[in-house]
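Both blocks below hold the same protein chain, though in two forms, and each is given as structure tokens: structure 1 and structure 2.
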Structure 1
């Protein structure tokens, strides 16, 4: 077929029309479904927060939908058209420079979000997200309200859980550092409280733990583990002071399992998030080794009770 100006322009129009149909028309039609089981109408403050989200281009780095192929990022729910019922504009995004936000509501506390928006490095030291401090406190509150609504009724349940435990965490903190630590430890299952770190605190393990601590923990818990990181002024209750844990060891022996459980599962109601979706098991044990050795001054690593050593642990390492 000979290319002529008429064919060229006609074909261009067809390609343009197909693109518009796929990227605009069909998605708009799909958004007219009935509300899903988790949908609820947004409050006025949440709607204002959506405007802040849209106007500042948050969708350029964050998606707002989970597909079946996304289980690897720790997804809890596959997105459905009804989740976005009545939302205009429905900015779903296609980039994941940052995490997907479709179920972000209730994953963190409001004060964590405030510190995060003021400077993302306060809560995620390796983040490439820009600071949004210029928005001002009022706009940040609106943006936080919108983010906390993502996930609809499921998010509301998580928010309620955060508020329930936040009240108890504040009361425990006000009772003093020793009472606070006893309260925190009492919420850890007995099996974890009596579990030592199964991996030796070798030079490699402690170095890996330090690396992970610098990437995830330092700006809350501080360079010396005293809870005075850069995010601390925005967080209530403030981050845990690891240097106080030495006198709270279980039977003056166990600390590894306690640290692992709290790093893995977070402390709901406080700004301490869970890291089970970010860190593999050994990295959490390595962080535990680093904290125990550097800040607590005691490590129960590779002590009884123990099982079969991992295949890569050499006898030389353990000496």
Structure 2
């Protein structure tokens, strides 16, 4: 084959054009473009927020679609084409240095986001996200509006739930620390309220719990557990002061199950997120043990009711 200019130019353009027709033009013609059941139009403010998101390269670390193989993403909706209807650009992202955000709306409170944008480590101590304080309040607000809209109608439902409980939480907080704690405990299912920590508060367990506390809790609840972490000034209601819990033991003896339940499920309406996606059972019990021993000064771990001791538990280490 002789590569004459005619063959060369004609062929190059022709093959390229054929590819374009198959890979680009044909999808334009054939793809149905309809909103999905969770889709809703974005407000002006949310659109502004999307611009902030795009301009500042948030998409280099955050993806915008949940896959079939994904774990650990709160509202587990596998992405559908209609979710992105009219979004310009539907910025899917190619990297997950941070979590996927496609269903982030309503997962956290606005307060939480504000603290998080000012310094991501305020709410997530291990985060490698840069601080966005320099954007200024206005831009951060727009960005927050956009993030809270992710998930469409589903996000709106989550936001509504956040607002409903936020109102009650604020009322409870205003009524004073003790009634606040009574209110918080009243929202925990019965079985959990009367459950001791089934893990013995061994040295190993407590130090593991401390490790986890530093990676998840410290910047809200503070290094001494008094609720004065670095994020506290941004959060309303503020983080709980654990040292008050000593006088709120259930039946004068139980606290482990309460701590476990709150860590696991969070307190919707406040900035306390759920941790059941990040942490599994033993890790949460270890944190409860650490909080109980270190900040409350009392632990119900390994007390009755309990069944047969697990085979590894030693008699000596029991409190």
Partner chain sequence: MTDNFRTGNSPNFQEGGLRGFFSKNSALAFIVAGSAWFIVGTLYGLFSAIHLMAPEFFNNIPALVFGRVRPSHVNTVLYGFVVTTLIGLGMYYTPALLKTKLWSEPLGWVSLFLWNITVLSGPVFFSMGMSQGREYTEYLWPFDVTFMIAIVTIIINLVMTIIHRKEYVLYVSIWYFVASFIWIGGSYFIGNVMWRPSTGALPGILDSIFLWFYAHALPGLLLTPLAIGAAYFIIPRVTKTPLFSHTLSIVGFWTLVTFYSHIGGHHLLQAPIPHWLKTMSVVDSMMMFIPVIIVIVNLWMTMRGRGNLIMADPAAKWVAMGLIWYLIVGAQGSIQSIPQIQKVTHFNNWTVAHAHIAVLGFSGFIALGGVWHVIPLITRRKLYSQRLANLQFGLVMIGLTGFFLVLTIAGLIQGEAWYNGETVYRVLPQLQPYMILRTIFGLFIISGALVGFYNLIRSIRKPKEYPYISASHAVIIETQKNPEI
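The term rigid core refers to the most C-alpha atoms you can superpose between the two forms while keeping them within 1.5 Å. Residue numbers count along the first chain shown, from 1. All of these numbers come straight from a predicted model, not from anything done at the bench.
Asks: Choose between structure 1 and structure 2: indicate the form predicted together with its partner chain.
Replies: Answer 2, the form predicted together with its partner chain.
Asks: By the 2 angstroms cut-off, has the C-alpha of residue 297 moved between structures 1 and 2 once the rigid core is superposed?
Replies: Stays below the 2 Å threshold, so no.
Asks: Residue 135: after superposing the rigid core, is there a C-alpha shift of 2 Å or more between structures 1 and 2?
Replies: Moves: no, less than 2 Å.
Asks: Comparing between structures 1 and 2 on the rigid core: C-alpha of residue 74 shifted by 2 Å or more?
Replies: Yes, its C-alpha moves 2 Å or more.
Asks: After lining up the core, report the Cα displacement of residue 307 between structures 1 and 2 in Å, one decimal place.
Replies: So the C-alpha of this residue moves 2.5 Å.
Asks: Taking the rigid core as the frame of reference, how far in Å is the Cα of residue 20 displaced between structures 1 and 2?
Replies: That residue's C-alpha is offset by 8.1 Å.
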